[in-house]
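Here we start with a single chain on its own, the form predicted alone, put down as structure tokens.
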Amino acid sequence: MTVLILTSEEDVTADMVVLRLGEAGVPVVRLDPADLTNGVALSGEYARGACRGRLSVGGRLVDMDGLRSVWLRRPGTAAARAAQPSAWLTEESAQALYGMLRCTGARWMNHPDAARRARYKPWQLRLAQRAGLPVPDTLITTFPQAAREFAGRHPDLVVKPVSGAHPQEPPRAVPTSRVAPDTDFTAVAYGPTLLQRRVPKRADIRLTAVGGTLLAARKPVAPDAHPDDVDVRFAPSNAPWAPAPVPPPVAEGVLRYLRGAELAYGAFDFAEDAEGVWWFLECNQSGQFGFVEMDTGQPIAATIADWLAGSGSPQAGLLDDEEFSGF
């Protein structure tokens, strides 16, 4: 049985997992959907009440019925590197590839439908609330007056993008920034704006969830850090990430979140305040983990490899929580 990894060739984070799978003797096929019709081929036949699909990757033929798991890591746009790329070819190729893979018995990390839904930050915030995770007061609006009233209730705010990275090539990270006290919010009318109460934090937390395994890392904020340095990705700091125990209420909330989102993998970001409360900021369904493993030595890649090499339902019992019905 083979593990299929859908990601770009330059994904060094995936390399770490491929290495672990190789050490365990688990066959791996790595495929970037961008290479469809240009080095990657597929075929699916539906006949006599059965279906059979095949992939050809670098001259290697893979039977889709022989897939034990599919890791939807960071795939490129389908057929983007075809000889004559087009929007039509991209749609046709995506429908063919993902449609055939949905017909297999393989388990997903994460299923395309769950991964797409999990990107929506407003949905993340509501799901985190329902999972019992503390969420800073947040407003997403195009009403300037609503923003002004929110700022009146919460004088110390940050602003961040609703969607995440800016869609250029390659995507550019947009930092979370502190809102100036004299902001009049007129510009809010020109596009949805996410405002959130700033959490005066003593540490940043990255919690990597792989199935039911939770691996948390903590990066302390320097005592003399400037309050405007709110985004850990851009804040100047020499402190390494270090392993951290997960408080039981947080662990319960994260597992409930994963059940509600139907995710097998999630990279959770929290801000730890002076009282030790972990405030939920977001969950990236395909977040990086290499930098955490390098600092902490936590076996994240090996844990992912073990999950991908396993068998059976990835989330047995995750859909029987009535509190999340209808999400």
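A residue's number is simply how far along the shown sequence it sits, counting from 1. Everything numeric here is computed off the predicted structure, so don't read it as measured data.
Here the subject shifts to the form predicted together with another copy of the chain, a form of this protein not shown in this document.
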**Asked** In terms of non-hydrogen atoms within 4.5 angstroms, which of the given stretches 280-288, 35-43, 265-273, 298-306 touches another copy of the chain in the predicted bound form?
**Response** 35-43
**Asked** Using a 4.5 Å heavy atom cut-off, are V179, F185 and D224 all in contact with another copy of the chain in the predicted bound form?
**Response** no
**Request:** Would you please decide whether R202 lies within 4.5 angstroms of another copy of the chain in the predicted bound form, comparing each non-hydrogen atom pair?
**Result:** no
**Item:** Contact label in the predicted bound form: R126 to another copy of the chain, heavy atom within 4.5 Å
**Value:** yes
**Request:** Examine W241 and determine whether its closest non-hydrogen atom to another copy of the chain in the predicted bound form is within 4.5 angstroms.
**Result:** no
**Asked** According to a 4.5 angstroms non-hydrogen atom cut-off, is P75 in contact with another copy of the chain in the predicted bound form?
**Response** no
**Item:** Among the candidates V158, V246, L89, L255, the residue which, in the predicted bound form, approaches another copy of the chain to within 4.5 Å (heavy atoms)
**Value:** L89
**Prompt:** For 88-106: residues with a non-hydrogen atom within 4.5 angstroms of another copy of the chain in the predicted bound form?
**Reply:** W88, L89, E91, E92, S93, A94, Q95, A96, Y98, G99, M100, R102, C103
